[in-house]
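The chain that follows stands alone, in the form predicted on its own, written as structure tokens.
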């Protein structure tokens, strides 16, 4: 039995759906005739699934979906939009707002029950995705979406896969991880470089930020660091301390192979090398593959489309790179707004193209060996 919230201003339809879900489906049903009331009930006692109408007085269904996706307690529940608006643009808008399914009215009650149970079963039977160790995201060409992918993947693993995850921003040039998450980067790692003592688990804990999703962050300083940033020995000590408390470390690396970057790459179990299809990124990726020849078995190549259109196919790029591309992330026009709001798409719109692609490439980042101990 599941707890299902139904929000619709048509009271006759509300009662029909309640009878269907309770008597034929064996579910518990909570009804709301307005968006605001439905959202309040969802947050007071989160349901296992929500069915939402679009055209309602006050808060419409699109806004309800967005608000449900923004709240940690309801961010991952299945949402069905049941609406009289049945055009392709309506379906697209519903999915972008966070819905899992868009079902146009009229719909038979048998079909609705089938779709409800299908979504509930999918949630129960989905295998848990578990990664371990350390994953480093790298590109020597800026602007290819490296931070976007690192943030969204870490959020997915922390929130939906319930993994104890720490996201680390090692950029010395005003890193953007905290910006993506809508957080102020205070505290951050800048003071670690000044410590004369070792970095233990208690020490490192005072420099960490917490996100409502459950993700923990070691942020980069807002003011750029003069010099190379965190020294190699401090990077190693920080990673060693963090492994005591976190099953998974995700590192967003700067676009330079300095001592800090190399220390992190040496400690990483998997290196996610991010590229786009533009000539500058292709050149940087070819050079990076040459420079990191010794890390070949760790590297997973991710092609990220940061603009509409595909100037080169993955197959053509594989010939250029002389190695397979492990994952392709499509262009998602919603990413620009997600960054401006500090609300990553995995967190607010799990059915968006970028969020779905991030979820899909997680298994490709499984380390070749997960035998690294918790203490490094």
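Everything numeric here is computed off the predicted structure, so don't read it as measured data. Positions refer to the first chain, counted from 1.
Only in words, not in the display: the form predicted in complex with a small molecule, which the text now covers.
Comparing 215-223, 183-191, 143-151, 241-249 against the small molecule in the model of the complex, the single stretch with non-hydrogen atoms within 4.5 angstroms of it is 143-151. Here is the short version: of 85, 305, 234, 102, the single residue with a heavy atom within 4.5 Å of the small molecule in the model of the complex is 305.
Interface residue among 176, 281, 93, 159, judged by heavy atoms within 4.5 Å of the small molecule in the model of the complex: 176. A residue is said to contact a partner when one of its heavy atoms sits within 4.5 Å of a partner heavy atom; residue 21 fails this definition for the small molecule in the model of the complex, lying far away. Taking the partner from elsewhere, residue 329 is found to have a heavy atom lying within 4.5 Å of the small molecule in the model of the complex. Residue contact check for residue 317: none of its heavy atoms lie within 4.5 Å of the small molecule in the model of the complex. Among heavy atoms of residue 49, none comes within 4.5 Å of the small molecule in the model of the complex.
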